[in-house]
Structure formats: C-alpha cells, structure tokens
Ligand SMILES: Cc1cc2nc3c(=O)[nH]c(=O)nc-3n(C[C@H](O)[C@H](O)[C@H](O)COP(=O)(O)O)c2cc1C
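Shown below, as structure tokens, is a lone chain in the form predicted on its own; questions about how it binds or moves come after it.
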C-alpha cells in the first residue's frame, strides 16, 4: 500500500540545500520515503515516454562492498544504506518495447490510435537517424540522468541526502551485477543520511556566463 507522504522541505529549499554527501550514517531510509523517492523520480520526462532508465537497488552489505570495489573503494558506497546502480537500456527501440509503451498509454487513457501510429513510425527513425545525439547510449544516458536528478531533489525534500557518482568501472559493475550488454551504467546514486558536515557551497556562475540571448555568445538580460 502506497502512503501519501508530504515533503518536509519545500522545492526551492530542497534544490538550494542539496549537496553531494561523501559519508553516511548507517540509519536506514524508511521504506515509505524510499518508495516515494523512486515513485516520483520516474515521473521524469522521456522522449516518446520510452522511459529507458533501469535501476538496481543495492542494500545488502555484501553487495555494497562488492560495488565499492568497482567504484575505486569510495567510502560512501559501503556506508550509504541504499546504493542505486542507474542504467540506460538501449533496447527501447525494439518493436515489442514500443508496443508496451503504447499499451501503457492506452491503459492510462493518454494514447490515441493516431499517436500510436506516429510512435511506431517515428521511434525507429529517431534511432536510425540520430538527429540530436551521436549514439543511442548518449540518448538513454541523457534521459536516465533526468530521472536521477528528480530522485535527488525528491530525496532532499524528505530530508534524505544523496551522492551521484561517476567514479566506477562500468565493466566491473556490469559483470558483478549481471547487467546485460545492451544496458549501460550511467551513474551510481548513494541514498541515506550524511554523517559529516557538507563542504561549503561552491557557487554557480552568473547568468552572464551561462545564459545567452537568441544566439550563442549574445548578451542575455532579464
């Protein structure tokens, strides 16, 4: 049964306070909160609603220790009560998978016959032509990271800390956790309660450095 939990921190504060935790207390994350992190995390958008993300939730200490060995012995992997191996599945362009997404839309009441036909035609063309990405892995990683970002913000809104990690051997993680060759490891996500003070906020560049108006390099003003 899903419990309707309400965040303890508002969205703006959750975004501003989020930091990557480098060490965790052993305190478990309540099941209801973990479920909410995952449930809201996968409300993330994805092209054609293909939802290429796949998540392996690792909580047994022996498996966390095994994952730590794949991640250059970073302490947070074995300390965090929950580790998530975040993956992108390249098989989302297969016809049977496309049909399952169409059926999902039908069941939810958000799919028309006309749009189903568009999906059957457009999705194979998208991955054949790759108009905005170099490889299908780049596409699946792009969308998987959207879901990971959602999870981190949701977690922080419930007072739970996270640490997204890219320091690991993909080959070792795939071998150690039986991940199919068509599935790529995008990142690791540690979830729990930080055990040490966060490093100070490192700052962000101003709009004049990262936003442009109308064309790259042109001044942007609000």
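Quick caveat: nothing in here was measured; it's all calculated off a predicted structure. Residue numbers count along the first chain shown, from 1.
Unshown form predicted together with the ligand; subsequent notes refer to it.
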Using 4.5 Å between non-hydrogen atoms, is residue 93 touching the ligand in the predicted bound form?
-> no
In the predicted bound form, does residue 20 have a heavy atom within 4.5 Å of the ligand?
-> yes
Heavy atom to heavy atom, is residue 76 within 4.5 Å of the ligand in the predicted bound form?
-> yes
Taking heavy atoms and a 4.5 Å cut-off, does residue 159 contact the ligand in the predicted bound form?
-> no
Would you point out which of 45 to 53, 176 to 184, 162 to 170, 59 to 67 contains residues with a non-hydrogen atom within 4.5 Å of the ligand in the predicted bound form?
-> 162 to 170
Could you spot which one of 116, 104, 145, 138 gets a heavy atom to within 4.5 Å of the ligand in the predicted bound form?
-> 145
